[in-house]
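Presented below, as structure tokens, is a lone chain in the form predicted on its own.
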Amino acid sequence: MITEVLQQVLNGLAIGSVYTLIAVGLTIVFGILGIAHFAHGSAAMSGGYLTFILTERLGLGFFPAMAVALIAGAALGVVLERLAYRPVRDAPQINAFIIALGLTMILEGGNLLLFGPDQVVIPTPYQRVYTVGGLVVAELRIQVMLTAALAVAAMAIFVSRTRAGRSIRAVAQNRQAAVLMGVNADAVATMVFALSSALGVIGGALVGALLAIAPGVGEGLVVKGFAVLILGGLGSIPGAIVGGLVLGVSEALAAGFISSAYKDVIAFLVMIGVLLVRPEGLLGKR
């Protein structure tokens, strides 16, 4: 019994790592710019599809293809911020909300038009399976968790140790004061969207390798991402990390011991239960 529980926890940590990447991307946009970027999941799927094209049809390795897709995803984030969100930055928040929903439909339609309706799996060389103490450990799941951890760590170092990162933190704390101190708020918004989209592309590529990419998957991912954002605490990056892992493990345990048909229901019940006890989220501030 204990081995079965540990096996499901291990499986849940892998998909929870993907949820964490998506949620951290949403968190930095929402926490710094106050924008609910609902198109984030669809942008992530665009990166996943591009990674598939580069690996399957052009023969690039998985990580080189992901790196190219990451750059393209960051560029897409810059375009979305400049053309869609910046013009309504000072407008009522409902404007940005409607634009985000419209961008989701546009990106989903674009993915369908460019890449087709078929479900695809990104090929990787990580096919080995290890058995450790009765636990079955797939090499691909290890790679997914390591990649997600390195991506989040790199983002944290960038935000905390670089001059650009200090500008981002200054705008997050007090935008008007940061502008008065000489910080370019427009450049910060561009960086935030580029960083968010890059994290999303990594998440999309890992989903494509671990599970599959298909039309509509991006919308489901962004719902999970916002659930994690709320579960961990609005604007809290550590909360997004913990919340993503909690949601992933909850889903895996529900699928393993109840039914895969109810895994989403059980996971969201866990989220609701946590919020009833801590309305501010696991690591949010009152």
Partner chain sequence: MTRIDGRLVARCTAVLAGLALCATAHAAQKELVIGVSDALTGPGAVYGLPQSNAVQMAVDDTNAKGGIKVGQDVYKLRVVAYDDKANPTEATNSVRKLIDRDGAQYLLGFCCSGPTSAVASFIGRENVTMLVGNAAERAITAQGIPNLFRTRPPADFTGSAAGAFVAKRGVKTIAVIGSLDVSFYSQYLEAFEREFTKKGGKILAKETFGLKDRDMTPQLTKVRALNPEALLVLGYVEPCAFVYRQAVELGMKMPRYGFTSGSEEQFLKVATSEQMEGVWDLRPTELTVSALGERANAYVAEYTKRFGIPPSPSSPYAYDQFYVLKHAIEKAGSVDPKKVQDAIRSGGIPPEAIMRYLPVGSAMFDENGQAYTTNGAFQWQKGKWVYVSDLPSDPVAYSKYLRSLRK
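Residue numbers count along the first chain shown, from 1. Since the model is a prediction, treat every value here as computed from it, not as a measurement.
What comes next is about the form predicted in complex with the partner chain, which is not displayed.
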Among Val183, Leu101, Val78, Ala138, which has any heavy atom within 4.5 Å of the partner chain in the model of the complex? Ala138
Tell me, which of Leu70, Ile230, Leu33, Val217 has a heavy atom within 4.5 angstroms of the partner chain in the model of the complex? Val217
Each of Ile53, Glu108 and Lys224 near the partner chain in the model of the complex, meaning some heavy atom within 4.5 Å? no
Since only the chain is shown here, I'm wondering whether Gly134 would be in contact with the partner chain in the model of the complex (any heavy atom pair within 4.5 Å). yes
Ala151: heavy atom within 4.5 Å of the partner chain in the model of the complex? no
Determine whether any heavy atom of Ala84 comes within 4.5 Å of a heavy atom of the partner chain in the model of the complex, and answer yes or no. no
Check Gln127 for me: does it contact the partner chain in the model of the complex (non-hydrogen atoms, 4.5 angstroms)? yes
Segment that reaches the partner chain in the model of the complex - one of 39 to 47, 235 to 243, 24 to 32, 254 to 262, heavy atoms within 4.5 Å: 254 to 262
Within 4.5 Å of the partner chain in the model of the complex, which residues of 1 to 15 have a heavy atom? Give them in sequence order, or say none. Glu4, Gln7, Gln8, Asn11, Ile15
